[in-house]
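Form predicted on its own, single chain, as structure tokens, below.
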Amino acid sequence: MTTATGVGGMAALAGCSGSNDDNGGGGGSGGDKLPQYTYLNNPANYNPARHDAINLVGDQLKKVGLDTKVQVFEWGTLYTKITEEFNFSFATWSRGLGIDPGRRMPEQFHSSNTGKGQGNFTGYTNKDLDPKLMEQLQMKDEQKRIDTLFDIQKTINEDVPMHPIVQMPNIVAYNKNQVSGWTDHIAGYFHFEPMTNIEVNNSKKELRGSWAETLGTLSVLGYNNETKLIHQFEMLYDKLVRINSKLEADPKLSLATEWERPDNKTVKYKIREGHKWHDGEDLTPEDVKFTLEYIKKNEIPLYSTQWEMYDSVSVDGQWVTVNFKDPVGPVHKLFSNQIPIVPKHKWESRSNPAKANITEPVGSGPLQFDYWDKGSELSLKKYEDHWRPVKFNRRIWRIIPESSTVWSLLKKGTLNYLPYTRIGKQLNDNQDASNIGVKSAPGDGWWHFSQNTRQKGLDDKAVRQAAVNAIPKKAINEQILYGFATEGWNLVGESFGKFSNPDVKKYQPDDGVKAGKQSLKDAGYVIDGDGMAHFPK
């Protein structure tokens, strides 16, 4: 572990006011000083831009009066400290909502989901909000669902357990002499449809990318919902229904070729005939039934939102019927597209699937396992018998921590795409090179600023609002992200169109530090002579 207390000169870089007006607090004497807070940061070589942005935000938090120490950890340790140990005050990394703006809301904010390894790692609880988080999943009437999602956005924005620093676009950089055919998709260029559309022009027809750190597992039922693993599982496993780039359920992309909704609590899927697992075994409706019952029986955390939805699964010939406990709204975005179908003959003997050690996964998707040199390289190869095959022979991911090395190899053609292109100086400097292409499209994700509401002070939304006011979003976007992103203000961003509430409060006025101090003052907090905040007496 290393400790950083901020990037030298970053305050000047931000161009943000330090609000030297006065000590900005409520005047008089306050109670105890607020505790020191920790803001966990990733190493500079993992994500340089985010690393710098976190240091910059940390400096601004101090100016508001929140004694904040920025600490750097490698990704796996950082993630565990936040999601399982809750040993943090502030945290930032990339998050996304996927294809539906409401799907992850219960996971991230429901009061019952604050346990170890569950999705609500900020510990935020709001018993009045909980019913709305669940009801919006059941609403088939789109306008009623939008109205409920608007209420949810307004409440979350007011309580700010999590707030977007910047809305991130989907970006992919590639060697345009070798790769073409990208398709925009709100979930990203790694998604099923874009990945099966791209074409590769080199001698071995290999798509060659890189990631900054190694993969920890290849278990589709036991990973930490990390982007680097989602990219693999998206192509290794099939799903009942796929959502195309127009955000429509598309049978040409799906394991199910037909579906019916006899009522709002039942869905029937006709499973594609003649399809096989990567090891040659037949994929049958019984595999689908097994998958759904297996993840429910074992309460797989990754898919808790989904397995809590249904009561029973049955098979009749080629049809699988799922009976839900309650009505389900946009069922294909919330359910059919979420669960990877796994082979019964490989998983049924595993009694603790969330902890299973999987090194050679067997799926049925358009890419199959080739080899994994752990710590160095992962290769997936084309599954020739898939109904929607990829147009290349192999996809290789090399582990290369240094961004400058990655870009050098991309320009040479040794690599030919960056699967999760970092926005930063290297992208800005290299985007106009003659053989480099850059695709950018509105995305579903953002850099979140999350606060541990279990900690003293941060259990008060006035303190959380003060912290959010201090985030120098404009400086982060313009000076660290080179204007590729947009300033964040709502968890459901404008890329979701009518689902994004335009009327939620926007923080960060011209002087965010002053506004942050005012938030504390209004709630009775006091700033001492050293500029540090004290609890109200």
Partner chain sequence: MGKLDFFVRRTVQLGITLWAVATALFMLFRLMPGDPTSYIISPGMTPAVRQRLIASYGLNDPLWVQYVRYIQNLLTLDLGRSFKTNERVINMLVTYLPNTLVLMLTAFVVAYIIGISLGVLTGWYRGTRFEKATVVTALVGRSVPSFWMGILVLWIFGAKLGIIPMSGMTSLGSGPKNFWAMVFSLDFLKHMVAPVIVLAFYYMGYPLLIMRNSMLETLSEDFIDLCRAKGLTERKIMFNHAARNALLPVLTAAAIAIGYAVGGSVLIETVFGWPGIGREMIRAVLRRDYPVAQGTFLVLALSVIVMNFVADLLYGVLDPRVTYD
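Quick caveat, the model's predicted, so the values are computed rather than measured. Rigid core: the largest C-alpha set superposing within 1.5 Å between the two forms. Residue numbers count along the first chain shown, from 1.
There is also a form predicted in complex with its partner chain; it is not shown, and the following applies to it.
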- Message: Just to be sure I understand the contacts: of 251, 181, 327, 401, which is the one whose heavy atoms reach within 4.5 angstroms of its partner chain in the model of the complex?
- Response: 401
- Message: Exactly one residue in 79, 277, 294, 310 has a non-hydrogen atom within 4.5 Å of its partner chain in the model of the complex; which is it?
- Response: 79
- According to a 4.5 angstroms non-hydrogen atom cut-off, is residue 186 in contact with its partner chain in the model of the complex? no
- Are any of the heavy atoms in residue 415 no more than 4.5 Å from a heavy atom of its partner chain in the model of the complex? yes
- Message: Residue-level contact is defined here as any heavy atom of the residue lying within 4.5 Å of its partner chain in the model of the complex; does residue 215 satisfy this criterion?
- Response: yes
- Task: Report yes if any heavy atom of residue 262 sits within 4.5 Å of a heavy atom of its partner chain in the model of the complex; otherwise report no.
- Result: no
- Note on the structure: Of 278-286, 222-230, 426-434, 158-166, the segment with heavy atoms within 4.5 Å of its partner chain in the model of the complex is residues 222-230
- Message: in the model of the complex, does every one of 84, 305 and 354 come within 4.5 Å of its partner chain, counting any heavy atom?
- Response: yes
- Message: So, superposing on the core, is the move of residue 239 at the CA at least 2 angstroms between the shown form and the other one?
- Response: no
- Query: Can a Cα shift of no less than 2 Å be assigned to residue 189 between the shown form and the other one, given superposition on the rigid core?
  - Reply: no
